[in-house]
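Only one chain is given next, in structure tokens, and it is the form predicted on its own.
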């Protein structure tokens, strides 16, 4: 138990280092971005009224002082981390004066919901069917499913999302193709609102799951196809051990460990796919918020979304790292 606690502490230190590096990189990118919050505000103000060059320059200097852009870069970096640890990165420009972190916290549950359902359903179904396909290699249904998986897996998330929009939004319009809930439904914990949220989530989640299942199915099938040739599996079959026990206890259990590692490595790509899918369906998550921030030149909001995304993905990988030794006793925790 002491070794595991020491292992968890090391992983926690690594998590802190990854978050610091990732958020710092987001700060540097936002700082050197060609999109300037000061010039964005000046452009909006100048477009609404007529100002003299002197007044515009005075406004520019005031805004630079307000955003702390007159300070040296290292001071801006320190001030950013102080505000970040306090949970306040400043107001959003596209929703001024609402704090950027408030908008992120409102959008985060929608993205987390999509990611959670997609990962659980796609990972479990893909691995179970892939494991069965690797063991029962002559099963016709599993062979047909494998052909479908090979065809769907290389397709990007957003292409599948566009196909879902065309099919269920125009050719067979039975499901909503935009938004997180119906416009005539008030957000509250009522059956009407919950059902509306579920209906609007069907297409985004389905498009993510279709690609995800194919990926995990093919990976698991390849692993199990190699494991079934191992001596301990052959001996168990010759000894008359029940087939179900061989499949689930001997074969799939051993193959799940590398698949769990693959899940940790794939989380970044899954998150990116979710971001793009949300934009296709105008889903009110971090993806849609990020695109709005980029189009509106809101660097504060872009930095807030990026920072939260780094923390979320790094934390998910950290949790998987903690689970890994519990499933595989070969992993050293000392």
Partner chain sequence: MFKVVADLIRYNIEFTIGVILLTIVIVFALLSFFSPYSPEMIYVVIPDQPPSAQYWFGTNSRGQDLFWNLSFAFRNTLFFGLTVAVLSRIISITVGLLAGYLGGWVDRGLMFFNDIFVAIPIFPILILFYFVLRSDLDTFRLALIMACLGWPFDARLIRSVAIGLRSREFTRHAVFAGMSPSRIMFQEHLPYVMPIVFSTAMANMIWSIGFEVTLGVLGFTNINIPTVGTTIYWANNHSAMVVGTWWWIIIPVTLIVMTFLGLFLLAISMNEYIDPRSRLRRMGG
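Residue numbers count along the first chain shown, from 1. Just so we're clear, the structure is a prediction, and the values are computed from it rather than from any experiment.
Beyond the structure shown, there is the form predicted together with its partner chain, which is absent from this document and is the topic of what follows.
Put simply, residue 77 is far from its partner chain in the predicted complex: not one heavy atom of it is within 4.5 Å.
Contact annotation for residue 17: at least one heavy atom lies within 4.5 Å of its partner chain in the predicted complex.
Of the heavy atoms in residue 190, none are within 4.5 Å of its partner chain in the predicted complex. The closest heavy atom approach of residue 225 to its partner chain in the predicted complex falls within 4.5 Å.
Heavy atoms within 4.5 Å of its partner chain in the predicted complex belong, among the stretches 236-244, 78-86, 110-118, 143-151, to residues of 143-151. Contact check for 166, 297 and 302: all three have a heavy atom within 4.5 Å of its partner chain in the predicted complex. Shown without its partner, the chain has 275, 276, 279, 290, 291, 293, 294, 295, 297, 298, 299, 302, 306, 309, 310 in segment 273-311 as residues with a non-hydrogen atom within 4.5 angstroms of its partner chain in the predicted complex.
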